[in-house]
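Next up: just one chain, as structure tokens, the form predicted on its own.
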């Protein structure tokens, strides 16, 4: 078995590491033109490391809004990382801190400002799609579904917070109101969020790729940064066949940031593996007994699951399981998702799995995103830390990185966004801590099951 890329192990993604068996890569994608691998030494104004949502949207904004032609350095193919293999939910989200915790820690003004940034992110995605990106956008509607009856009161409190502090019309729906939307035994009510939709994430990324190139960006694929020196007023980014000398650098690698890329960036995020299965097509009876609605769904477990019905009536179902890249291909992780799916939707017992893949999301110590100028380096900017909720916010922060690289400050009332994230201590033990956290969350969910019985 070919080992997948692991940011804590490998210096960069290369052709020896496996491509994902992603559903998105199998449904008729037309790969956009690019500028090939870097094959000589070149001088550029702005270099962008990473060709996912953050990097591509930064390149597009630099060209379209600031008149700067950026150079994107992508280790593999455009959107090879999480941008081309995620669960497809574009919604008002970023990070993984509950709103009640965020309000308590930072206050309602900062929380409201952050919510405003997140809403802008979703509107940016809408605008890009309206500009001509065909990515199979589905109707709006997001449901946070109570897995256990004991979670209902928490969702009701969250509804009140959304409405009274954030000024957003979230609505709690009782269990009987979910009939015809979400079936199965783990459906005890839900918080309905009216804004948010699913897309084909790879088509969306490829659309931004095409727009960026049409606005002057050069996108070099198969061009990993294998060395980085700062000298003579420029950043020397070595690739296998040539060095890119850049006045300014945007680092947009997020969960795929190698710990060896640059010492100043190391230890700022924990790459967390998320996996997805996609089933064979469901029968109409199975559709009616599982997800009659095609909306975005996620549940209230400690280690949550996210899922949706695809337009061709397959079930997409994702969650966290593996810790390291070396272990990610173990069949027990696929079985873990399958068991969770059939527990949630018993009518799907026995259905085949057509696709199974995974990728890395980035989690910071405070579980919140970041967008800042890197200290100790001249004109280097970075953003990330979306914790698996970055389809829309990554695009938004890409535009903010472009603004900063163009010499304009990113001013926001969400003050934590522009702070350098703290390093994880004891980096060599970081995955032991993650394993222990997963064990605790599984035990917590098991206690909820026993209480429900």
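Since this is a predicted model, take the numbers as computed values, not measurements. Residue numbers count along the first chain shown, from 1.
Missing here is the form predicted in complex with a small molecule; even so, the following discussion is about that form.
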To test your reading of this chain, name the stretch in 62-70, 415-423, 34-42, 388-396 whose heavy atoms come within 4.5 Å of the small molecule in the model of the complex.
388-396
Would residue 274 count as a contact of the small molecule in the model of the complex, using a 4.5 angstroms cut-off between non-hydrogen atoms?
yes
Can you work out whether residue 345 and the small molecule are in contact in the model of the complex, taking contact to mean some heavy atom pair no more than 4.5 Å apart?
no
Residue-level contact is defined here as any heavy atom of the residue lying within 4.5 Å of the small molecule in the model of the complex; does residue 206 satisfy this criterion?
no
Residue 80 versus the small molecule, in the model of the complex: is there a non-hydrogen atom within 4.5 Å?
yes
121, 246 and 381: each with a heavy atom within 4.5 Å of the small molecule in the model of the complex?
no
By the heavy atom within 4.5 Å rule, which residue out of 261, 133, 97, 173 makes contact with the small molecule in the model of the complex?
261
In the model of the complex, the residue from 371, 361, 217, 341 with a non-hydrogen atom within 4.5 Å of the small molecule is 361
